[in-house]
Structures are given as structure tokens and as C-alpha cells.
Ligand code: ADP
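Single chain ahead, written as C-alpha cells, the form predicted on its own.
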Amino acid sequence: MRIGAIEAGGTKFVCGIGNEQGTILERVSFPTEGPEETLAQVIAFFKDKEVEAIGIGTFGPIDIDPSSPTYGHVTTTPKPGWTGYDFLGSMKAALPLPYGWDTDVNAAAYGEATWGAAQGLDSCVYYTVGTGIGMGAYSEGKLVHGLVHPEAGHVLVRRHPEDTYEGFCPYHADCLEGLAAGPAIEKRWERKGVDLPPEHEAWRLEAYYLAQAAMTSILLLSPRKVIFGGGVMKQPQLFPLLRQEVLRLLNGYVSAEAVLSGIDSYIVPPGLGDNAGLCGALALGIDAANQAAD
């Protein structure tokens, strides 16, 4: 089985070919530009690859309701040129194949549940913390959808009493993304996160906001694993601070050993590393191929 996978990020697209074991056999990446220019490169990559299906995990928000007239469209994204674009329809017109379609963070959660840090578990949440913040949720053995899809990067958080930064989100200013994504770190401290030393106060502030997100997910969804990925989370000092702050916020209320005594293996980086999103798209493609064969 040869399956195509697309991790469509706000900064770059990653396309790959994989198999049912989750092995990525071939991959390519390029910057995210306008939809026509970007998809031309995607289509050129897959045109002669003889894949059985393609899974797409994309930045959003997107329409994931198959009964909707705008199913497969990107909706209210701030990415120039992408609002209202028929992403899935454009792919189907160029490459008529079975498709899996979901958000990039739902795909990453699915990849981690299938082959990564949450393998063998029936639930997990996956946060990506980079140029934006998004969350995917896998619960009771399936990805979480509803009216739209989880948009946990835009939940409101309690502001730190010493934080005067106004937030950069164009919709909500000081939501989680507006206060804790990579651009917020850079704008607040006038330096990129990678240029800040491990002992800088930025990391305690970052943990303060991300821990609120983790706590909310734990209380709402009760996942068996909480996974944080993305460029910001590559700071090794951040995970201990995050775990400590989650314990402080929960204050013993959630009486589960995974939290009380196993927090180091409960809040974790992705087991698939930077391949979480691409492997998740691969898993979506495998499902689409299997459904088409039934």
C-alpha cells in the first residue's frame, strides 16, 4: 500500500509517501504561498507517484462537515489568499483519489495515537506551539469533531499579573495563541525564543499560559496523554516548568496516578518528533483507502 500524506502548515507544506506501517518512504517540503502556487507544487509531487489515497492534515479553520456545501474549504484563516479556498476540491479535480481530510493538529493527534506517544491508548490531546497554537483531540478511539473542530489555541486564559503584552491574535488579542505562540514571545521580549537563555523569565511565563491549556483539556476531555509539539516546545527547559505549573493549577483535584505521580510521562513531547503531522496525514489516507475498498 502506497499512501500520500500532506501536512499543510501555515509556514510550510510537507508532502510524503508512506505505507501502512507508518514508514515515510519519501518526502519533500516547500514554503506555504498562495493556494494556486502551493497546490501546483503539491500536485506535481504526487502526479506520478501511484498512490492509492491521500490524507490531508491542514492549517485551518476548515470545513470538515461532508454535508456542507463548503466541505473541504479553508474558512476564516488569516493566511493571505486562503480564506474560502476549496483546498480539497482542488486536489480532487487534479488527482481523483480517495482523500482523508482534517486539521493538521487533529492529524498529529491521530499520528501519535497510531504510532507515537499515545499508541495503544484510546485518547490523547496534541498541542502544537509554534507560529500559532492549535490542538487536536482523539477521544474514545476517534478524532473529535462537532460543530466545527477543536480550536483550543483561541481559548481565553488568565493573564499573568505581571504581563503587560497586549497579545497579537487579530481576532481575540490576548487568547492563548495571542499570548503564548512564537510571535508573542518574540514581540514581548524583542527576541526570538531560540535566542533567549534557558533561565530567562520568558519560559516561566510561557509555562504559566500553556499549563492553563493543559489543565482545561484534562478537565474537559480527560485524555490519557497530553502531548506538546511545535517549534517553541523544543526548548528543553519548558517541559519541567509546564508539568510543575499543571500540578500547581490542578492542586490535587484530579485523583489519577498518571497526573499525581507520573506527570513526567503524562505530559510529553511527540513520540514521532517532527513527523507527527505527516504520519497523522498518512493515517488519514490509510483510512480513506480502506473505506474506498469496502
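One-based numbering along the sequence shown. Fair warning: this is a prediction, and the values are worked out from it, not measured in the lab.
Same protein, other form: the form predicted in complex with the ligand, not shown, and the subject of what follows.
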property: Stretch from 252 to 260, 233 to 241, 50 to 58, 36 to 44 whose residues place a heavy atom within 4.5 Å of the ligand in the model of the complex; result: 233 to 241
property: Touches the ligand in the model of the complex: Thr11 (any heavy atom, 4.5 Å); result: yes
property: 4.5 Å heavy atom contact, Pro223 and the ligand in the model of the complex; result: no
property: Heavy atom of Ala93 within 4.5 Å of the ligand in the model of the complex; result: no
property: Touches the ligand in the model of the complex: Trp203 (any heavy atom, 4.5 Å); result: yes
property: Contacting member of Leu219, Ala173, Leu156, Val194, with respect to the ligand in the model of the complex [4.5 Å, heavy atom]; result: Val194
property: Partner-contacting position among Thr77, Ser139, Gln119, Thr131 - heavy atom within 4.5 Å of the ligand in the model of the complex; result: Thr131
property: Within 4.5 Å of the ligand in the model of the complex: residues from 254 to 287 (heavy atom criterion); result: none
